[in-house]
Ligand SMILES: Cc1cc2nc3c(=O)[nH]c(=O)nc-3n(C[C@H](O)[C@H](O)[C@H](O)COP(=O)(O)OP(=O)(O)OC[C@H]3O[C@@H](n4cnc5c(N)ncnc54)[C@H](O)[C@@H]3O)c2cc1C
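Just one chain follows, in the form predicted on its own, and it is written as structure tokens.
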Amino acid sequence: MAGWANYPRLQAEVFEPNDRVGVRSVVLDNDRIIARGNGKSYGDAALALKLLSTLRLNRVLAFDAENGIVECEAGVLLSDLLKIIVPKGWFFHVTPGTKAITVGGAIASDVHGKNHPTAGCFSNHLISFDLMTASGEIKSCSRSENTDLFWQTCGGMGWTGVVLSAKFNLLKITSSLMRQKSVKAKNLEEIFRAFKENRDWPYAAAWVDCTNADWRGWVLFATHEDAGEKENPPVFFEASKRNVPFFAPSWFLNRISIWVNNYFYFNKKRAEEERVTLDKYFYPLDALQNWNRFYGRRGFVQYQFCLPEENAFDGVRQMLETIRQSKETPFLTVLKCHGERPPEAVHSFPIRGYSLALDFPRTSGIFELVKKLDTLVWELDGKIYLTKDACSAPQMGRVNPAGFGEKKFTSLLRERITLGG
């Protein structure tokens, strides 16, 4: 078993209950177990010697199409929900860059998207959920019932128990299209300026070329198209899927091949406004199944950090300069802007500022680079995203596993942070 980055890997015993009775039996009969959804977290957050798969808890329990409220079991995929909610004129308030995650995983990671300054994280729109604790008891959690457990679970990496089902609000839309604006930036300063000058666009994310001396890139802004009566009902158009059928050789992604890819991507795009589908804007990588195989069997390491706004520009520049001085080259680099975090959402990753996500081929030198990046992020009052973490220093997520009580629900991530701390 492994996460999406194919590192680390381990032999694990996997339990696949299909109802609450089955979940209770697994929980009571096993120690050091962690819930696992569709395996899209990058590092070791959903890895343990014993795994409780939620994929058979996949029923949609209720859908209020009038008010935009859905209730479903934890193993339901966002991709399954899109086929139901979009034709009724609804979308997610918050969605990450893949629709192949479970609702339970969205809660455990408290996922964010490209609209954090305006919409926050998944928990901002979560009404309630049912959680099975270590004793097998089922607790209903919301902002008014078991409140502390509600917020401890959102972003709590599965350490409080097993999410069984959840109810959350949806976003009203009139079209399945997005209006996208592409801004070409010659350097890092222009990228940051584009974010500030286009704050009226609710969605924003930037691709950064780390092989370029000035860190040029593209910033993609978007807003939901207002179709009026032209598109009734909306249709969720899903891109035709292509597959990477085998693992690429370890040498496939290197400094030269990444430079070539970045060169053509930067020069192929045009600065313009256009209409794109929901699927193309929010989930571009989903069109290529098993894209993680490009990194070969060695896998890759994603390093995602967030810095406070006052430290963001200089801090990101320092981080990129540190990477440039190393022998490592990230294949994909994405910059996003973040807004204020609700004070109750103590485990949510974003803080007001900017985050940068970097995908590195796993080489012999990547771990030494991560140590240097950790030191910089810590000095700049930043933090890393535990859902993506595989090898950072224990304190970098700014979460203390001891605050979650007994270790019935324990992943490699929790063990690593506990031992390191």
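These numbers were taken from a predicted model, which means no experiment stands behind them. Each residue number is its position in the shown sequence, starting from 1.
Separately, the form predicted in complex with the named molecule exists; it is not shown, and the next lines address it.
- Look at 369 to 377, 391 to 399, 30 to 38, 59 to 67: in the predicted complex, residues with non-hydrogen atoms within 4.5 angstroms of the named molecule sit in 30 to 38.
- Note on the partner interface in the predicted complex: the residue among V208, V301, L177, A74 having a heavy atom within 4.5 angstroms of the named molecule is A74.
- In summary, among the residues T277, T98, N262, T133, the only one with a non-hydrogen atom within 4.5 Å of the named molecule in the predicted complex is T98.
- Interface membership of Y385, defined by any non-hydrogen atom within 4.5 Å of the named molecule in the predicted complex, is confirmed.
- For the chain shown alone, G161 is a contact residue for the named molecule in the predicted complex, at least one non-hydrogen atom being within 4.5 angstroms.
- V111 belongs to the set of residues with a heavy atom inside 4.5 Å of the named molecule in the predicted complex.
- In the predicted complex, the named molecule sits within 4.5 Å of a heavy atom of A45.
- Of all the residues from 357 to 382, none has a non-hydrogen atom no more than 4.5 Å from the named molecule in the predicted complex.
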